[in-house]
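The chain below stands alone and is given in structure tokens; this is the form predicted alone.
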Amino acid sequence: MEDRSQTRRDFMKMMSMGAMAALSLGSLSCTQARVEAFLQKHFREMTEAEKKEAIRRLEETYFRKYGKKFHISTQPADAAVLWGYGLDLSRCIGCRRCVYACVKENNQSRINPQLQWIRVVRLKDGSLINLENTEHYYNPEKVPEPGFQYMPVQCQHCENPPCVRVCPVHATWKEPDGIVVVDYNWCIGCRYCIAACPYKGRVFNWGEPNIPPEELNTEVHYLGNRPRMKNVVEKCTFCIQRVRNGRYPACVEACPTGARKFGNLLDPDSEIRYIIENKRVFRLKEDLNTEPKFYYFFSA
């Protein structure tokens, strides 16, 4: 069965190479890279050798496109880790520094299109029970504003993620450490996952991402902040490239008030476990049984 699959794959590769060569599309090396990328396996089906080859091809593609050498990690999840996030709403001042740090760390398109994985919404004091009246766009001279409070929202990394269930090509899934990821090379841009997410945690690349070369972050993860392409869906990954190397997500480090907490839910001594066990926490739309691993709380 494997030999037959390989034969079909080789045949498709040969036909594609022949067609592209006949059409004289660009240089030969560029054409080969496009064919190999088109025929690339699903990330979870790749052998280590195939992953290594895919990474080599991607790094060469990025160097040709951006003139910079990228380091693309494929570091897997640690079996002893299940990531959880805490957000202290009594400390959030609505400054959006988390948003800007996320954009910079995760190579999000800056303009035309402008994409952001974190939304900070503003709501009047006492109206937390009615999130339908939140404001997504506010621009005061100073924050925090009297009479208002703020709530950052991003991918909630659900235990039962509806976005994963609806993907027709299995391009998105939940990793063993709880991070919901996307294989951008397998995403077909149908946006079913965006429609299924009750938290508006995903965004779509309607145009070619636009990032100034001098602002590119070249330390990336295949399932995280590597530069994306047009017509794919992307989202928060808890900064997978950082947390699997013992670092905090960029938004946690950037928060000037310490409102953001992050840690291992399986570690009974972690800060996130202390918060869950000792604070009055809540999760967004718990009635949907999505079981987010994103906990909101008030410390004061």
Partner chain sequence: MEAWIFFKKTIRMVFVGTKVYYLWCAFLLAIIGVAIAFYIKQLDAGLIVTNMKDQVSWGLYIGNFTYLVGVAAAAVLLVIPAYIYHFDPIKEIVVLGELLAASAIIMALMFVLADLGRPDRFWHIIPFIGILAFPDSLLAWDVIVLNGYLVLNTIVPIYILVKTYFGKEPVRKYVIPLVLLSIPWAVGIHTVTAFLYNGLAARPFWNASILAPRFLASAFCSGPAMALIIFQILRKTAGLKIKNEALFKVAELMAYAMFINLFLLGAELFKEYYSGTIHLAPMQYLFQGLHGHDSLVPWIQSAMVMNITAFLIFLIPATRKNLITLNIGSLLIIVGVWIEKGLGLIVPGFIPDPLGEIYEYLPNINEIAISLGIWAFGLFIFTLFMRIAIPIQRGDFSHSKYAHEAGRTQYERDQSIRKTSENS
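Numbering follows the first chain given and starts at 1. All figures in this text were calculated on a predicted structure; none of them were measured in a lab.
Absent from the display: the form predicted in complex with the partner chain. The rest refers to it.
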In the predicted bound form, does each residue in the set Phe38, Trp186 and Asn231 place a non-hydrogen atom within 4.5 angstroms of the partner chain? yes
The stretch from 211-219, 139-147, 197-205, 81-89 that lies within 4.5 Å of the partner chain in the predicted bound form, judged by heavy atoms, is 197-205
Looking at Val181, Val153, Ile72, Val103 here, can you tell me which has any non-hydrogen atom within 4.5 angstroms of the partner chain in the predicted bound form? Val153
With the partner left out of view, is Glu48 within 4.5 angstroms of the partner chain in the predicted bound form by any non-hydrogen atom? no
Heavy atom to heavy atom, is Pro176 within 4.5 Å of the partner chain in the predicted bound form? no
With heavy atoms only and a cut-off of 4.5 Å, decide whether Arg96 touches the partner chain in the predicted bound form. no
Is Pro76 part of the interface with the partner chain in the predicted bound form - any heavy atom within 4.5 Å? no
Sequence order please: the residues of 136-173 with a heavy atom within 4.5 Å of the partner chain in the predicted bound form. His136, Tyr137, Val153, Arg165, Val166, Cys167, Pro168, Val169, His170
